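Take a look at this single chain, the form predicted alone, given in structure tokens.
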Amino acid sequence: MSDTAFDLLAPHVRSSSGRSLWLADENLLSAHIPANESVVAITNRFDLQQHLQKQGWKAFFSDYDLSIIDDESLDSVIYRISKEKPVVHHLINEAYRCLKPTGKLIIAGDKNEGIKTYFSKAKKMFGSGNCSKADKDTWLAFLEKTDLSTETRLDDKQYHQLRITASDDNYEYQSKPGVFGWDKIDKGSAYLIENLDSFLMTLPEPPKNVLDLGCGYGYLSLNLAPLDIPITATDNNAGALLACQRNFDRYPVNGRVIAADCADGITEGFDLIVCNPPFHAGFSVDGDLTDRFLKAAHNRLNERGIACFVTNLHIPIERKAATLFHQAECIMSNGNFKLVRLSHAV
């Protein structure tokens, strides 16, 4: 898929000289950009790091932890702004710290993502800059670090701080900005847990292990802990993995947290798989994501096991699953979400 804002930045990624940092926070899995030895890439997406490394890039996977970069050591930073304000503020703050005097921050984004506001705030911090309109929606901005005395930092909501963001009768959930749905309990996931027994009663015997596909901060996994079976939680987002591990550590969860793209690299089979699949990738709605989660469930589900999916009503998951599973049936819905049971068994 194409992203106009990143298309504006791509020439700078390719041609950047000196010591440069590319903050990669978008869906670029279809992009093929020749590696630039002057540029280091940092991304919070495991799949993007793997993709870039295969193309020869020096690419690092973290929750945008830029502590590996010294103060005033970079000539340029290139960044396609993220969806979430605290992430953008955190990375603008870090760019200012890492850039040399007269170093440049190059950013791009859409008007409805707040690019003009981000530019205005960053210009007050950096000292100078200019912003140009590429089309009716997309803007490209250059900021130069000429004000070396500023103590102003944009409010990043203490980006790296894990904190209790939601709770219910059973658990307090820790999360942070940068994790999808970080400050709430997802209603679809709660609906799945409320009706988990309706899934489990269809198993021929109690499950011996469980896979949480796209675990986020670990809501489903924590609520599966009373089953007292090994839990494997996997996600593509660095912040989600940190939050999930923290929640595992705070409660008696018999589990492990693994960075993986749709369970890629996991070879174990599972009796029970739970999944609330995302349908956004980068900055666009991506219908293929559901297909990829279904394929992962197909590959990792044991012959007599079941996969439990919760999705929005409009996603035709039963039709998508029909070629991968012997059984794909909606067991209930509530007007907003549906619960779909998948099985290999005849």
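These figures come from a predicted structure and were not determined experimentally. In case it trips you up, residue 1 is the first one in the sequence shown, and so on.
Omitted here: the form predicted together with a small molecule. The next part is about that form.
- The contact with the small molecule in the model of the complex, taken as any heavy atom within 4.5 Å, belongs to Leu220 out of Val88, Leu220, Ile273, Val77.
- For the residues Asp261, Glu113, Glu94, Asp156, the 4.5 Å heavy atom test against the small molecule in the model of the complex is passed only by Asp261.
- Interface membership of Cys215, defined by any non-hydrogen atom within 4.5 Å of the small molecule in the model of the complex, is confirmed.
- The shortest heavy atom separation between Leu313 and the small molecule in the model of the complex exceeds 4.5 Å.
- Although the partner is absent here, Arg292 is a contact residue: one of its heavy atoms lies within 4.5 angstroms of the small molecule in the model of the complex.
- Using a 4.5 angstroms limit between non-hydrogen atoms, Phe180 touches the small molecule in the model of the complex.
- Note that among 233-241, 158-166, 145-153, 119-127, the stretch whose heavy atoms approach the small molecule to within 4.5 Å in the model of the complex is 233-241.
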